[in-house]
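Let's start with one chain on its own, the form predicted alone, as structure tokens.
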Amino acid sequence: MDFLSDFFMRFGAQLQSPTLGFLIGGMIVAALSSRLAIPDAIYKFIVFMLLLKVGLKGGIAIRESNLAEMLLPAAFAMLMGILVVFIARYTLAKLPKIKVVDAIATGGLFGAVSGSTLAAGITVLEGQNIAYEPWAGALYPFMDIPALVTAIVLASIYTSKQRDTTDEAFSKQEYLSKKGGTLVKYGGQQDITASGYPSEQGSNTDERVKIWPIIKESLQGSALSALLLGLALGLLTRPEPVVDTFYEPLFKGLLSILMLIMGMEATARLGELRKVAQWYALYALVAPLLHGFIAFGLGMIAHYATGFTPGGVILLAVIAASSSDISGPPTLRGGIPSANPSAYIGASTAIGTPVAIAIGIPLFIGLAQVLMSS
């Protein structure tokens, strides 16, 4: 009971964070049909500034740290990116009225990382003086790219199998209509008797999903490009003066505006979510916390094995709970064109992101404080 009371007390305190306040404020403003609008160009500029700063700090930290310390957290980040897609494939895709390609695309978006959520998590940690590895932000691409690649590959394999099955069925039907053969049930599947029709299974086995174009598309996304640019500048230059005098003072203010925008966007996307099966709403409510708890457990392993800080464990859980809001959607639109964007974008923006920020961040901070407090 002492554990639970301590946890809920800490969790309640986290909900008073100004970062979460701006997010909820944006949702309320949009729900009241306010005409407040912030241009998309400003939104993109703010995201660029925030991720550039995260990258700069990460690059400086990597330059000054032992790279071996990153290996286990980076491996866990890659594992999470892949695992999240498979969770969606074998849970969400099994629910009524859910198309498999839509479920896979949703898993890909939830496996990819939200730069906005990462920035929010870092701000909350800094505001509460919780130590974390500055290079923890560099875990972003280790989770983001594997998730998107896995989703597109799985979707391609599934659609290829469906196409093979359909083509074979039509070919057999056409052959039988010409030769007068008959279809009988054998082993739970249709087979041909008295026709001599050869099997066409594996007719598209020569088709292969090209991985590099997917990775290239992810790397060229605006969010990841900003982060990688910051990492490179932090590694190869000495940007400490500009970080301390320019980026640091602006960081929290810019983030508050970003949270306001995201809150408004979340409410606006609820309309899209109503167009698809309601299971997406349940998935978007549960999945971020499930993914975060799994990543938190992996982070605890890294904590005991390598000394990964409590703040690092929290950030690993936060990025696992997040879902991509910038680079992920266009990558999935191009990679899985048959998937319904209203399903995966609506689930992510309308419910997934607010859950990850408003519940996930305080939840994982409170859990870390209880489990790893000295």
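Everything numeric in this text was worked out from a predicted model, so none of it was measured. Quick note: we count residues from 1 along the sequence shown, nothing fancier.
Below, we turn to the form predicted in complex with another copy of the chain, even though it does not appear here.
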Which residue, Q278, S222, Q128, S160, has a heavy atom that falls within 4.5 Å of another copy of the chain in the predicted bound form? S222
Ok, L254, I294, A302, L83: which has a heavy atom sitting within 4.5 Å of another copy of the chain in the predicted bound form? L254
May I ask you to check whether L260 falls inside a 4.5 Å heavy atom distance of another copy of the chain in the predicted bound form? yes
State yes or no: in the predicted bound form, is some non-hydrogen atom of P241 no more than 4.5 angstroms from a non-hydrogen atom of another copy of the chain? yes
Contact test in the predicted bound form: Y90 vs another copy of the chain, heavy atoms, 4.5 Å: no
Hey, in the predicted bound form, is M70 touching another copy of the chain, heavy atoms inside 4.5 Å? no
Candidate stretches 150-158, 213-221, 278-286, 294-302, one within 4.5 Å of another copy of the chain in the predicted bound form by heavy atom: 213-221
In the predicted bound form, which residues of 35-51 put a heavy atom within 4.5 Å of another copy of the chain? R35, L36, I38, P39, A41, I42, K44, F45, F48, M49
